[in-house]
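So this first bit is one chain, no partners, the form predicted alone, shown in structure tokens.
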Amino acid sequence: MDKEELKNKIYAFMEKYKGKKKLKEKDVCKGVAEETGVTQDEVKKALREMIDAGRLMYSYGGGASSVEIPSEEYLKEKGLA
């Protein structure tokens, strides 16, 4: 599986849980790895690239970090939209 296809699978996985559940990085890596058959390490690398590019973001609340799809206003504020 090429990296762009993997990133699309990660994004689709995130969309399933948007507004329903806060996902930790390890939850995303484990879930996507099980769905696609790639290693968790590969998923983690692609996830980090998506965060660096602004396609996904870390959020912090209640003493824990999670990964989520950024809102439109966040993207505009950061100049990514």
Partner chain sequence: MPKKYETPLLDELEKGPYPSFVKEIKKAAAKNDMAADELGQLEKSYRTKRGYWKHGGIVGVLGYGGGVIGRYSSLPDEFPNVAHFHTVRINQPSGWFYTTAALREMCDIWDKYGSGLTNMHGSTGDMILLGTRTENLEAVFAEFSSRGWDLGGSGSAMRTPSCCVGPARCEWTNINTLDICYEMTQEFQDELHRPAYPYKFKIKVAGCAVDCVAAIARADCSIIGTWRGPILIDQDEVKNYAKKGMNIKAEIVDMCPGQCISYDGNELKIDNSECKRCMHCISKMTKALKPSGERGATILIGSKAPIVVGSLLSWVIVPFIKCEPPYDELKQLIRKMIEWWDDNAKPRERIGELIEAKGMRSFLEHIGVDPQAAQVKFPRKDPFIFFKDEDFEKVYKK
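Since the structure is predicted, the reported quantities are computational estimates derived from the model, not experimental observations. Residue numbers count along the first chain shown, from 1.
Not pictured, yet referred to below: the form predicted together with its partner chain.
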query: Exercise: E34 in contact with its partner chain in the predicted complex, heavy atom 4.5 Å; finding: no
query: In the predicted complex, E77 touching its partner chain (heavy atom, 4.5 Å); finding: yes
query: Partner proximity in the predicted complex: D41 to its partner chain, non-hydrogen atom cutoff 4.5 Å; finding: no
query: Contact of A12 with its partner chain in the predicted complex (heavy atom, 4.5 Å); finding: no
query: Contacts with its partner chain in the predicted complex, stretch 58 to 76 (heavy atom within 4.5 Å); finding: Y58, S59, Y60, G62, G63, A64, S65, Y74
